[in-house]
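Below, in structure tokens: the form predicted on its own, a single chain.
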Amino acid sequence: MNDFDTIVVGAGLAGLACSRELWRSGRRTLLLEAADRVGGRVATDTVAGFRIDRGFQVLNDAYPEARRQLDLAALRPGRFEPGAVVAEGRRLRRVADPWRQPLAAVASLLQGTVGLRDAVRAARLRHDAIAAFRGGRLDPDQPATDAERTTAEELTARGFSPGFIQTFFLPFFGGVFLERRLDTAAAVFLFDFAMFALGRATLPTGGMAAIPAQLAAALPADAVRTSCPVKRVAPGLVELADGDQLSATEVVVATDAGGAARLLPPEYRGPWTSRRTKGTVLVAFAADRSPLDSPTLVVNAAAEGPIDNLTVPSDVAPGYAAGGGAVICVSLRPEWAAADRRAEVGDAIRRQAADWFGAAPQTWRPLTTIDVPHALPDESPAARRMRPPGPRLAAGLVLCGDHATSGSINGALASGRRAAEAVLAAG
């Protein structure tokens, strides 16, 4: 038996944030991780000299927890242009942010990408979301209510046209939320809308793995054990897969919901253990040059083809294509993510991209396909009501992770901080 003040199980963003807060408060804390690296789902692989994030991920520099917990400047982030390029069939049309790109926004109106009435409603939505956030009335990590409505219901209630919902909100936020029905709770949508209005989507230099690396760098070297799977936990007790047992005053379970359900005794599980998760599949290509003329996101508004969204991370931040060229990342539509379609998906992506960019995509070289089966928790109103009421499960036992707050980098960091605060409040 080894004695620690706190043992944190799981070195994703929530576990790292919790551990760092505890160390800063003088608590002797041990962080255990089953994988051979920290970061959980926020990870970056190197393939043939290219850096590829595990799934479409961005860091919004307006996230309050990112500003509170990260040194954003040290991440040397590159920024996406605001707005998006919407693909409809063979046509690419830009939807620009009128507050940051007024001329491009006027062009969007003239080209018919955005109608005047929808533009006015978008301005009102922007005002309301920002005002609610700044007034402390918009926090997706707070408990859900029975009156919560979905994003689709919110947009319809605000009078947006079905066409604009279909051609912009659904492909853009469907990509953010990993679902195409917009059944994510309106509170989550409004928060994200405020974040995109106030900040920018960014990528750290060299990939998203720079975020957990920065958090881990603040911990003592002997405070983190990787390749250390855990078999079970109980209040004040952790049993490792090799049979060793570790004791602590507090145990914090910072795994995903499925991992927590496997580790915890039945009496400490709750409805949150059956909350559905959403997956994604990313296909990466190498190219001699980018198909885009700016660092932007391309979203597919059409019902056909394998591409859900397309990005060129090497256009956004240094370090993704250190040897030159471009790395192109495609998130697949769910119907193309099945294993029995993998043999044909590369050619299908290149054919669809050729409709948008001409002949160049036929020369794209496949790099890797990355499955992220549990990328985000379901954020529908019903699923959000399944979340635990707080981090404390019992004396000596605390829970954190984005499944306990909201499914985002901001939610994971907030959950880790709040778990640490629960530990410290217990004395």
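Everything quoted here is computed from the prediction, not taken from an experiment. Numbers follow the displayed sequence, beginning with 1.
One more form of this protein should be noted, the form predicted together with a small molecule, which is absent from this view; the next part is about it.
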query: Partner contact for residue 311 in the model of the complex: the small molecule, 4.5 angstroms, heavy atom; finding: no
query: Non-hydrogen atom contact residue 399 with the small molecule in the model of the complex at 4.5 angstroms; finding: no
query: is_contact(residue 54, the small molecule) in the model of the complex, heavy atom dist at most 4.5 Å; finding: yes
query: Partner proximity in the model of the complex: residue 383 to the small molecule, non-hydrogen atom cutoff 4.5 Å; finding: no
query: The small molecule in the model of the complex: contacted by all of 63, 376 and 408, heavy atom 4.5 Å; finding: yes
query: In the model of the complex, the residue from 228, 219, 186, 337 that sits within 4.5 Å of the small molecule by heavy atoms; finding: 228
query: Partner-contacting position among 256, 81, 148, 179 - heavy atom within 4.5 Å of the small molecule in the model of the complex; finding: 256
query: Stretch from 384-392, 357-365, 64-72, 30-38 whose residues place a heavy atom within 4.5 Å of the small molecule in the model of the complex; finding: 30-38
